[in-house]
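Below are two forms of the same protein chain, given as structure tokens: structure 1, then structure 2.
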Structure 1
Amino acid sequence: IHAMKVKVLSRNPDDYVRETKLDIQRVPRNYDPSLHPFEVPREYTRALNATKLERVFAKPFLASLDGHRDGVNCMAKHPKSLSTMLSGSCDGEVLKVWNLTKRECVRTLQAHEGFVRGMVVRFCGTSFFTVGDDKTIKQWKMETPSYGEEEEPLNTILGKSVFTSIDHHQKEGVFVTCGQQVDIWDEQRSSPIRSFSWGVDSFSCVRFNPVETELLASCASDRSIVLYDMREATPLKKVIMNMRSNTLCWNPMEAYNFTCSNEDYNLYTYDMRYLDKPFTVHMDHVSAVLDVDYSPTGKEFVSASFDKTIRIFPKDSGHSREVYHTKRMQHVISIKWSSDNKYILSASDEMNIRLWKANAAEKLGLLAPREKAAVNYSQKLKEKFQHHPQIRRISRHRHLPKSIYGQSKELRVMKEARRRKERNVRKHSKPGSMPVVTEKEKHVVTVVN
């Protein structure tokens, strides 16, 4: 007889199998790496699948809001309600209030004779201001007038010249308009409390800084961007570029950064403190960029261009991560990123406003916890393997309309030719006589204090 110590593996199935059909299955885990070989190739395969599926599910177009009878010129977000959006159009001067969940127009009113140039909703959300080609500023009530009441503005201010843009202060009852000069108005007064001008004949856009609420910036027709402080008597400084900027938007998360959309097909992000060269030059459009809006996270922005496309750029990257286009969408005049970071609204001159998803492959609606976990896992995998050539190729692939594809190739050839010429000139001239100008410095002419 052997006196020995022996133990043989014998598992009790009750510990490993569920008790009733109504329980969930038991899944014992052992994270020993030798039980899970091929970690990296399996993760790579999962990342490849996730990238391919993202392209499969990338269907960003949601809805088209029609009803305007002329090209839509401007839009305004409601600060307190995510489902309300205002839009103003050209000739016909109709101003509409939309309910985005039902995707229908709730209210229409005749705001101005001529274009509706700009509109903004007051920070409390109870009223909004519009400016138009008939040199007036009108303030309207937000709530729909009850039966029998006429659509009447709360307040009308007549100005001396056409106003091109309007923006409201974040906290006080102050708004600013621009046209011939930049005027700051108090809501109770009918004449501006302060006017700024710097020898320029017209301004196209003015915006309040959402974080540093006393600062504002405007785009002028002399190819410059002018910065003002509301508390000062004169403008702060201005930066003159090669071509005119159409609009600008402040970064809602970083107080000192703003992005302007320019006529030379680029967008420039500037740090307000160092205007001598832009922080980043964003190049991808093939025609003039008309409007720009930041995401509420401050990490990305969307730009609308004359070349019938919308592009989404990360804030620090020189190229776009996404491009949206449709055959039916013509020149995009105005663009807004909704305040819940999920939707993009684009207004184009064929009288339609389109609702898009900000993340093209995102599943909208309530996700189960497992779905959310799976989405997060796929996202992390794609980020981990983003530099591998096959995965990069698939994730970057976008279909472009033939005209835009051809135009972008042409622009690339032109740029390459210019670069080659510069290189040759430098090579054949006295060393040091031709200084190297970086891409960022090329676009700024001067900064004036």
Structure 2
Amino acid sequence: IHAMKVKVLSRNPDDYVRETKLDIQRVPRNYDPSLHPFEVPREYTRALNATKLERVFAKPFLASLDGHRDGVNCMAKHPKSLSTMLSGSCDGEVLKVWNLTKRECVRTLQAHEGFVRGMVVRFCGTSFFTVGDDKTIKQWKMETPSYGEEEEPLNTILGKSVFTSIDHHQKEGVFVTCGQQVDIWDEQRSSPIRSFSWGVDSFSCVRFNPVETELLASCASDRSIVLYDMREATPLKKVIMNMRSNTLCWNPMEAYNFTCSNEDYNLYTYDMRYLDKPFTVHMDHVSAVLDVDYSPTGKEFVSASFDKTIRIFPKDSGHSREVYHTKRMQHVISIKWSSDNKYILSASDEMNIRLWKANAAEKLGLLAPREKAAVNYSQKLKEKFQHHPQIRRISRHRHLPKSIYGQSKELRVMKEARRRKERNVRKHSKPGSMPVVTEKEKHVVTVVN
């Protein structure tokens, strides 16, 4: 018997019948590229329009949380609750505990005399620690006391000197403070279980590594960044830079990497294994950088500066992708990136905490499936054509306050003059006597093991 081929028309109603009469008609399409010769120009136009619309809809500022009566000096995120945030001000009125969903203060307590220097929430979220100018460490309950109950700390430790920063271990009941030295404390004891100092008179910031939880890093007043291991009796090593680092933050996804904010207007990302030079120098600020915080994805970080702006940097890029500023915002002292990667919180001199979108043009709230598809499609188009001159120009353009624009221009001119002078000196010197020093190597003085 001969096998016979029979061609049959096969139609699946799902391919062309609408599910409801409100749906749009399904159109059969042939995706053969030879039938669509203008596909790329059409996509380019769409990418251009998407880029322009992104700039039109870029409205990053969401809310201002006011209520403090002095400059806000520090903030802390809650590890378990996205909507809870704590802030401490320069008048010792630490705690305002904020509900970010309702955008209101749910609790205020007088924690210290003088500045609140640092605060951190315990990893389980049941209590938090504060340090202040009155040389005390206080532990407080996270839940609001019931009616008629006094607002009392769970525990108070009196130290020998002023504490400037505090951080808590990710898994154990251990926390670290810094001031004249770096002290590691057990929650059950009133004296430190270990103290580190390395010929430095004071430290400004100390942070636990969120991945390798036994490691610590601190910024010291002698322009150094010091690394420690909690299990050892002495510090591991330190890198001395040209100018002082104010704060640092570990990358939550890459155990070895940390970024520090410096007085010389830059941020430096180091790999702790190779401290002889930073692997990225992040420039754009026009005044000292006061604080830095990583996004939970570890791909970007946000920095707060004395120049009254906030900048968002990709971790491996030398320049910021975004800059936020308002007319009223003064020197930004503290910055936090929310744990859901959507929001940024900034605390500044003029007693306000501001809530920003991490992605300026992102639409908040629930998106319909069709909206999601459109957003993803335009995102892909922007990525595909990102290097085209016009699209690049539109997506990179930011309006800056006149003072910052002028200062950045001036800094650019100064830097170019310095480069030109170096080139001329090298040209008229004996070959090899003036080695080329890269931008990364310029800022590090030495590494001490």
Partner chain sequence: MFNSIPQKSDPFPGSAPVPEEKLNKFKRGVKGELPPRPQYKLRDVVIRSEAASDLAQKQNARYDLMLPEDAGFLEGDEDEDTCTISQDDIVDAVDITAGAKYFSLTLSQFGPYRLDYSKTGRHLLLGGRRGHVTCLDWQSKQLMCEMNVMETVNDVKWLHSEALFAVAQKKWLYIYDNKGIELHCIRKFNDVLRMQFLPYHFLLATASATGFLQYLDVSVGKEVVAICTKAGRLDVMAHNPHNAIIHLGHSNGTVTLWTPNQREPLVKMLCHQGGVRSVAVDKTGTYMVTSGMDKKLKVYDIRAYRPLQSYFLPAGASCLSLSQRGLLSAATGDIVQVYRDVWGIPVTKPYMAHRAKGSVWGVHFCPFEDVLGVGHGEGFTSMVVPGAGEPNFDGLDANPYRSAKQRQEWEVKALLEKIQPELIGLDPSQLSQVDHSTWEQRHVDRVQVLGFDPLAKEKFTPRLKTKGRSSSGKVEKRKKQVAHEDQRDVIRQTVEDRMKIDKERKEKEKKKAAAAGQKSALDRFRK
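C-alpha atoms forming the largest set that superposes within 1.5 Å between two forms make up the rigid core. Just so we're clear, the structure is a prediction, and the values are computed from it rather than from any experiment. Numbers follow structure 1, counted from its first residue as 1.
- Matching each structure to its source, the form predicted on its own turns out to be structure 2.
- Superposed on the core, the two forms barely differ at Val425: its CA moves less than 2 Å between structure 1 and structure 2.
- When the rigid core is held fixed, the Cα atom of Ile24 travels 2 angstroms or more between structure 1 and structure 2.
- In the core-superposed comparison between structure 1 and structure 2, the C-alpha atom of Val437 has shifted by less than 2 angstroms.
- After superposition on the rigid core, the Cα atom of Ser10 is displaced by 15.2 Å between structure 1 and structure 2.
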